[in-house]
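Heads up, the chain below is alone and in the form predicted alone; it's given as structure tokens.
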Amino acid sequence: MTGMIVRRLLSAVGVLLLASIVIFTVIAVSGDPLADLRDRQPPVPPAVIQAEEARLGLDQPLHERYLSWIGGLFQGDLGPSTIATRDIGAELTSRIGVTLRLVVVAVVIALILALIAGTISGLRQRRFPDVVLTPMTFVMLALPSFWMAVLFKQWGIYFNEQVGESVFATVGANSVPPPQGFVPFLLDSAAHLVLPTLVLTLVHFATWSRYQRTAIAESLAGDHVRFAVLKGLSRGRVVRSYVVRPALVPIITVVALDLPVLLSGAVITETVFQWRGMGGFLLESINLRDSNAVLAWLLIAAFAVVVFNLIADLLYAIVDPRVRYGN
């Protein structure tokens, strides 16, 4: 187990290094960060443009820019912004907390619901409640996340107008100004989480529950289940140890691979509900042509994907004893 963890960590470092090279190259050739400055009317003096190029390191060859950027990362420096007063690291740090709050809660709720619904549907195929859950998940799969976000926001606004109270918070991650005290602040944050979390949860619950249902159905048809039944094991033990446990491996893989989709869904959801999270940070950085800010966002996303896949690899060995990475 220890050897497997060390190998996976080394592999993750290599993947991150390769991802940093690809991301940096793609962003470097995708456009000129100073295009707005060059096109400004009346024209900006050439000396000002040269000074900006030197500040952003654009006057250096591509490989030197990469080495300077990657060296700065190890010192906690994410590089200069096109906006001289913008601190990319400080702003991104505050935004990550907002997005993590939304994504983590949505992942946990969606995963628990998907495991329960998918397992029940798989064990009771073409019977109640499978005949209810299956069409419901297909409907959710057909609904795009941006449409669901707008729909839920409008429903929240309509409900608030009908009852004359702000039951559902539809704008921002917290009230402005935020309430004083830990408990009022916690309750205010939870109220703002309801609708955005519901959107992300429903989108991913539908996909993951279908995978779990299929995995349960395949597991039920396995020879190891027939052998367990012939041994006279109780139904509960057969289902728990020989059906559900092996069926967890596919859902672990799907959840780990869905992380980029989850982050992209969070970008849309944050935009609709006007959260100042990583989604808003990315869109603002693209509008400002802030290449180092976009680089930082993409690198964090790549890091999160690698970490989630590393956790998935470790869970394989825990969930399924047939997996032997060490031999």
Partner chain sequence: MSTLRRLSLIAVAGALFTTAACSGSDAPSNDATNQTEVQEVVPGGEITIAATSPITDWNPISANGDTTGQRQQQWPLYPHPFLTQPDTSVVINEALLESADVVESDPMTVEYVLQDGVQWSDGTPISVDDFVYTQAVQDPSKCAECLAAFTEGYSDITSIEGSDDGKTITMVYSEPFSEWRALFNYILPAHIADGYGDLATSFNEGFVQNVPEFSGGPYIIQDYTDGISMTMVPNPNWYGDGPNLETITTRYITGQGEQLTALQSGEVQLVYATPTVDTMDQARQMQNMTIQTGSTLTYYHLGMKTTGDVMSDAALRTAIATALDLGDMRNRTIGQFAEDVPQMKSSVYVPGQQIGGQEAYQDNMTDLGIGAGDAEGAIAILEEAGYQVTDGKLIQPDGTPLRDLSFLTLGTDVLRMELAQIAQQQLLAIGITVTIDAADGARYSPALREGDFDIMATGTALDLGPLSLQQWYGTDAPRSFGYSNEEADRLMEAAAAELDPAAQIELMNELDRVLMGDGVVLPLFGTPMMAVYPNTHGNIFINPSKYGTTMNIEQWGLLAEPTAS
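Numbering follows the first chain given and starts at 1. Here the structure is a predicted model, which means the values were calculated and not measured. By rigid core we mean the largest C-alpha set that fits within 1.5 Å across both forms.
This next part talks about the form predicted in complex with its partner chain, which is not shown.
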Using the partner position in the predicted bound form, report whether residue 172 sits within 4.5 Å of its partner chain, counting heavy atoms only. yes
Quick check on residue 60: any heavy atom within 4.5 Å of its partner chain in the predicted bound form? no
Its partner chain contact in the predicted bound form: residue 271, any heavy atom under 4.5 Å: yes
My question is simply whether residue 39 lines the interface with its partner chain in the predicted bound form - judged by any non-hydrogen atom within 4.5 Å. yes
Selected contact from 132, 112, 187, 221, since only one has a non-hydrogen atom within 4.5 angstroms of its partner chain in the predicted bound form: 132
Among 182, 74, 227, 158, which has at least one heavy atom within 4.5 Å of its partner chain in the predicted bound form? 158
Out of 81-89, 117-125, 196-204, 244-252, where are the residues with a heavy atom within 4.5 Å of its partner chain in the predicted bound form? 81-89
Does any residue in 44-80 get within 4.5 Å of its partner chain in the predicted bound form, counting heavy atoms only, and if so which ones? 44, 45, 48, 51, 52
After core superposition, I'd like to know whether residue 48 moves between this form and the one not shown (criterion: C-alpha shift of 2 angstroms or more). yes
Is the C-alpha displacement of residue 250 equal to or greater than 2 Å between this form and the one not shown once the rigid core has been superposed? no
Flag for residue 172, CA shift 2 Å or larger between this form and the one not shown after aligning core: no
